[in-house]
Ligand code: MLT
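Read the single chain below, which is given as structure tokens and is the form predicted on its own.
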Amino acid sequence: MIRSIDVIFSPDLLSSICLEGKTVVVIDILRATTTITFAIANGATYIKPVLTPERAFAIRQKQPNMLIGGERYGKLVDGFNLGNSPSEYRRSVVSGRSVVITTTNGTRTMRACMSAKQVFIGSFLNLGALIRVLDQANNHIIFVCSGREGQFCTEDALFAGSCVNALCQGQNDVCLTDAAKTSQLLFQTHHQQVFESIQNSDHGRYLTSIGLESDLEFCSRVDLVDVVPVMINGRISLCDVF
């Protein structure tokens, strides 16, 4: 059976796409999906993505033991326990804890994908593990890039391309959309300069300008962890299918 692979460059393009019955991978390399992947790898019980800081505060008021994390325009929200730098979510902080998280782009995309059959969280940190899970997935896979404020961004498309490229290895029965082919070409052109590509992206330069350049190197690490987060009923936890 032919496997179909698509890449959506912005959640704003999802309005015309039916996700029901399909496998979706949400991507926000800088930094939400990288941060969530690292938090789950370090023992967070689950992550709940929400749209606004106000919603995060409201949940913590009802569940005081929950951590709240995330950002607005890259910066820590006043009153939050954590920002959106993945290195903050180390084992000593998040193990055995649940986290509510809200970000400018990533959590909006996660919420927009909830109608899909399966929703996985992807980052360079868990690339190999993600590919192993996707090899067992159904025949229609969609990579949804969070982009930046509704616009295309290099780092998300680059990661999508790395996944497309891996899934096509040795396969003759894969049908790629033009967007998937373009992402694959981007990765094939820049696969030896992942960090440099992220560093030179619009959002990479912005994060550098606000003192978060170290996050770019962290988000460029490949196969740092061997976990795949999955979102079920609005909660992200550890996938146990591989």
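Throughout, we count residues from 1 along the sequence that is shown. All figures in this text were calculated on a predicted structure; none of them were measured in a lab.
The form predicted in complex with the ligand is left out here; the points below concern that form.
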query: Triple contact flag E71, G106 and H203 to the ligand in the model of the complex, non-hydrogen atom at 4.5 angstroms; finding: yes
query: One stretch from 183-191, 203-211, 50-58, 37-45 that, in the model of the complex, holds residues within 4.5 Å of the ligand by heavy atom; finding: 203-211
query: Touches the ligand in the model of the complex: N84 (any heavy atom, 4.5 Å); finding: yes
query: 4.5 Å heavy atom contact, V26 to the ligand in the model of the complex; finding: no
query: Interface residues of 17-46 toward the ligand, as seen in the model of the complex [heavy atoms, 4.5 Å]; finding: D28, L30, R31, A32
